[in-house]
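Here we start with a single chain on its own, the form predicted on its own, put down as structure tokens.
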């Protein structure tokens, strides 16, 4: 059985094929941060099995996705689920994290707790 078959969340580095599978979405962020620090490579989602990933917000942008996911979670959306939703639109995890940083710096989103985000 492969990681993808066992894990609900799997991400891969397209540059070196390093792969991480997990049952907890935000563990993929830890993988992203460690891998990026060591190699400078970005990470992409390979497989996501979570019912809250929106399909109706396609191409509406990051803030729309955060707002839609925010309706499902009481204390902020796990950042990894936001990156997974953006991954459905072709964004890497690094690209989404950079755009989230810009939204945070301009006051459009905030972090109610570590690695969770909500939108205004």
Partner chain sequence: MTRWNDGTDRVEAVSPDITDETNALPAEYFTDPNAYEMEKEKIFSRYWVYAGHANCIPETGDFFTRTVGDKQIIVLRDNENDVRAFYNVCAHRGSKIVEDTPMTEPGSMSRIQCPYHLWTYDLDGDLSTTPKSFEEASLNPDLADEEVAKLDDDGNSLLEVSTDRIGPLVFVNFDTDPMPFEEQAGKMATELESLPLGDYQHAARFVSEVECNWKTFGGNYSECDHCQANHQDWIEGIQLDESELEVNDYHWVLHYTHEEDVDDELRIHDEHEAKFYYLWPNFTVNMYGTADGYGTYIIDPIDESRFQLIADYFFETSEMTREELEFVRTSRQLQEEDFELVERQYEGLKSGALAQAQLGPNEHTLHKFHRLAQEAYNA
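Positions refer to the first chain, counted from 1. Just so it is clear, the structure is predicted and the values come from calculations on it, not from any experiment.
This next part talks about the form predicted in complex with its partner chain, which is not shown.
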Ok, 68, 27, 88, 44: which has a heavy atom sitting within 4.5 Å of its partner chain in the predicted complex?
-> 27
Even though its partner chain is not shown here, does residue 37 get within 4.5 Å of it in the predicted complex, heavy atoms only?
-> yes
Contact between residue 108 and its partner chain in the predicted complex at 4.5 Å, heavy atoms?
-> no
Can any non-hydrogen atom of residue 98 be found within 4.5 angstroms of its partner chain in the predicted complex?
-> no
So which of 45-53, 68-76, 90-98, 28-36 is the stretch with heavy atoms within 4.5 Å of its partner chain in the predicted complex?
-> 28-36
Sequence-ordered residues of 8-28 touching its partner chain in the predicted complex, heavy atom within 4.5 Å = 16, 18, 20, 27
